[in-house]
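A lone chain, given as structure tokens: the form predicted alone.
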Amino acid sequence: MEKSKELYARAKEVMPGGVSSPVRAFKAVELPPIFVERGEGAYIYDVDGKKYVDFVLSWGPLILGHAHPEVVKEVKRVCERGFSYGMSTEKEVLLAEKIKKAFPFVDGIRFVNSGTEATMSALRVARAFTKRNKVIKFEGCYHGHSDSFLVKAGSGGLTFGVPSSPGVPESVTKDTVLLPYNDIEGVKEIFKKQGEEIACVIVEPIAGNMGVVLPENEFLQGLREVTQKYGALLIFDEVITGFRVEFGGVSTRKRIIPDLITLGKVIGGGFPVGAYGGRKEIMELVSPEGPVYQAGTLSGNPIAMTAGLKTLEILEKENPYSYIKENLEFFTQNLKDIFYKNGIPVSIPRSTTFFSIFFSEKPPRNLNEVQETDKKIFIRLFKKALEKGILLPPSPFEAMFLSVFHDKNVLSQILEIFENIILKE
């Protein structure tokens, strides 16, 4: 890792913490970060030439693996015509139509450049539509780094033990109501007391930013019912789960229709992207059709639209979800057996193409239970896996992802390596 170490030292001289996003610093796993040179299929290669099986996959977008040939071909073709125009293109329309086909309840879609922009904008529209201010979010769910959401957020905020961020005024977060994930009774109680003030509930329908935490029976349906009862909106943040659980999302799989949905990651095929959408009477409030202002110079740029459209076309045509799910079940069941054989309690919650490894007897139900899992074992696992050419997320609070290239041959090799990794001190 000599070149990675050298680059990290240089990066720290010119970038906060030497990174452009906190979790990349590897601080949670007590190592200097690797610097990546290229990716191909299920693998990435660092600047020192070492090859890794990649379970990060750019934190979720690369369901088709690194540098899928068909996506690369389309992106190259578009790049030759120009990178960005600041004007509308046909690709925006085609991608919006493809998303609407997967999410039939969505009448209108607005493209942005990140999941943060998508959730921030969806919240603004929800407040405008309901003419209310309060928002309910759940501890450990991460909806981007806009001020209203940085209250016990997941992901990087958990990794560094920062439940809320300095620089966020109390006046901004005073209307954010926090509750434990899976606590439908708590939601109902808050609505009984403050229902006329609550604009919306925003939720990751499968939490992925405190590790994978699955919704309990009736939690999501309960949110739908209570929001409808009090005239609040329900926002499903499917930035991670959109086109990861099926050709659609948790909302389409469970047939629970939110008022607004946010998307990102997969719909950009690995390029910066976000989107929010919902039914007509809500989305017609968005400028220039309505008074809710939101704009972006690079929103809907042709490169991201092209990569996303080609990715969705391949997913729709090849429908690889059952194939990836079968590989994931094979991998996680055998992995669990390896840990238990070595006397290490483990739970591995999963959903179609992504999973987490928690060192605990039972899968966590909420943030408190996530924080009670044995993080020291995860750190030892990460370090030993990295030595053997396996890249796990450098935090116990992140999801792990599979692509179409993570086949049983690749996964069997990983299991063989894990068989020989001793985690007990």
Ligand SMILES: Cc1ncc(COP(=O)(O)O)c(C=O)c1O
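Model, not experiment: these values are computed from the prediction. Numbering starts at 1 and runs along the sequence shown.
Note that the form predicted together with the ligand isn't included here; everything after this is about it.
Using a 4.5 angstroms threshold between heavy atoms, Asn301 stays clear of the ligand in the model of the complex. Within this chain, Asn327 is remote from the site of the ligand in the model of the complex, having no heavy atom within 4.5 Å. When contacts are judged by a 4.5 Å heavy atom cut-off, Gly115 counts as touching the ligand in the model of the complex.
With a 4.5 Å cutoff on heavy atoms, His143 counts as touching the ligand in the model of the complex.
With the partner omitted from this view, the residue of Ile240, Val213, Ala126, Ile267 that lies near the ligand in the model of the complex is Ile240 [heavy atom within 4.5 Å]. Though the ligand is absent from this view, in the model of the complex it lies within 4.5 Å of a heavy atom of just one residue from Asn182, Asn209, Ser251, Thr227, which is Asn209. Here the chain stands alone, but in the model of the complex its contact with the ligand, taken as any heavy atom within 4.5 Å, falls in 135 to 143 among 135 to 143, 309 to 317, 335 to 343, 275 to 283. Shown here without the ligand, the chain has only Glu204 in 193 to 207 lying with a heavy atom within 4.5 Å of that partner in the model of the complex.
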